[in-house]
Every structure is written in structure tokens, then in C-alpha cells.
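Let's start with one chain on its own, the form predicted on its own, as C-alpha cells.
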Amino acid sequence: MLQALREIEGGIQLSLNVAARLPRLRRAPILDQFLRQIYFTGVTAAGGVIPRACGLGVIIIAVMMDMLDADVDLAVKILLLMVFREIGPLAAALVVILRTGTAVSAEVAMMRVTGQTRALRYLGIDLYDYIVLPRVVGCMLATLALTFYVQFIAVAGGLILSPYIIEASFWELTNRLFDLFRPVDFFYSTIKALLFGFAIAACCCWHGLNPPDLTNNAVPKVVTKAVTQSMMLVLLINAVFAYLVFGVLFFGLVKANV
């Protein structure tokens, strides 16, 4: 219990420190770390997303229309609901956790174990400025970019490939998509993706800076704990959004009083 409270307190302090240091991103060394984080998290992960996102869009439309005997309107509504609001941000967050979360937590923990963080302090370099700030902000923006990428590829792949599986034309699906799309779908996924990226990076940085001990065995422990808690935070944020927007939680077991 004490450990959990300590982690919550540490996460809150880290979040406040990051918010207070945002103007320092303009400094050259911090900006360089920030751009490197965006490149590693967003650009290098984009290639592997294409086939998965295309298959995701096709499966959603094909299953809804073929197996559930849904019409075009219902299939497109579910595509928007699942891809834009739920699966898109979650898929991007999963990629970030598996690639960036493991890398960031291991890198920061190794810096802590090998004494690099102590050397930075001796040089008068703030660890939050040089290590935490660029990784958190870079991860947030990269997660948002990956979310948009997954959404676009999934929807485009579903619209292009679905006519070969079901009896619906590309233009029919596209017209209904534009008719049913609402700005709230865009803003909903944007806010969620930014929160996902922040939670993942903040959690991994905090665990990296606070390993259980200063031996090499601490690094895999940090990675395991950071990835596990990052996933739990993402699911918690997603559950809160579902409750606030749709009024349901835990697959409808909990409902809002409206």
C-alpha cells in the first residue's frame, strides 16, 4: 500500500514538473532529445502499422456486414466508433508501450544504474529537463501521430478492400462515412491519444529513475513493472473515457445515472 501511494505521489510530482518545464524545450540539447524521441516513437514504428491497420478496417466492416447481417450505415457507424474512438488510440498505445515504453524504461534505468544520472547532476544538468521532459512530450505527440496514422490506414483499408468481400461499393461506404463522421470523434481520439502517450512516458521515466536497486538485475525489473503499469494506466484512462462519454463501464456492468 505504501509503495502504491509512493508511486502515485511520484507520478503526480513528475507530471507537475514536466508541465512547468515545457518552455525549456526550446533549448538545443533538450530539443535534440525531443526530436529523437519523436523519430523513434512515431516514424520508425509507422511501417509495421500499415498491414495491421488495413486488416483491422477490413475485418471490422466485413464482420459487421457479413456475419452480423448489418447494413452499410451500421457497419460504417461501428467502424467510426471502434476505429476512431477505441481501437485506433488503443492500438497506437500498445505499439508505444511495446516499443518505446520498454526502451525508455530500460535506457533511463541503465543510466541510473551506471551512474550517468549522477554525472549529469555533477555537471549541473537537471534530469527532468534532459531526460524526462523531451521523452514525455515527444511520446505524447508521437502517440497522437500514430493514432491518426492507424485511424487513416484502417478506415482507408476497410473502404478499399471491403467491396471485394461484401456487397457494398467503395463510394457507398465512403459517402456514408462522410455523412456520419462528427468532429467529436476527432477530438475524442485526440485527447485520449495525448493522455495515453503522457501516461506511458511518465510511468516509464519514473520507474527508470527509481529502480529497486542499483544493480544490473534492476533493469529487467524496471522494464517489467513500467510496461505492466503503463498498460494498466492506458486501460484505466480508456475506462474513464468510456464512462464519461457513453455512461458505461466494464462492458455495461456499471452504468451512469443519467
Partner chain sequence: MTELAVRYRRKTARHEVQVSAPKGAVTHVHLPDDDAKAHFVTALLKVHCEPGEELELFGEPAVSAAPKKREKLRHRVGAVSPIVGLMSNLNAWENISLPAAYHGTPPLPEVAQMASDVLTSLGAEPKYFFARLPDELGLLDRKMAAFVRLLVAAPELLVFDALEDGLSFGECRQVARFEAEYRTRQPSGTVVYVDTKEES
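Positions refer to the first chain, counted from 1. Just so you know, these numbers come straight off a predicted model, no measurement behind them.
Beyond what is shown, the protein has a form predicted in complex with its partner chain; the following relates to that form.
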Problem set entry | Listed residue (Ala119, Leu74, Leu98, Val184) with a non-hydrogen atom within 4.5 angstroms of its partner chain in the predicted bound form | Ala119
For this session: Give a yes/no on whether Phe148 approaches its partner chain to within 4.5 Å in the predicted bound form, heavy atoms considered.
Result: no
For this session: Spell out, yes or no, whether the shortest heavy atom distance between Glu86 and its partner chain in the predicted bound form is within 4.5 Å.
Result: no
Exercise. Taking 4.5 angstroms as the cut-off for heavy atoms, does Tyr188 touch its partner chain in the predicted bound form?
Worked result: no
Problem set entry | Touches its partner chain in the predicted bound form: Arg27 (any heavy atom, 4.5 Å) | yes
Exercise. In terms of non-hydrogen atoms within 4.5 angstroms, which of the given stretches 127-135, 98-106, 148-156, 78-86 touches its partner chain in the predicted bound form?
Worked result: 127-135
Exercise. Within 99-115, which residues have a heavy atom closer than or equal to 4.5 Å from its partner chain in the predicted bound form?
Worked result: Glu107, Met111, Gly115
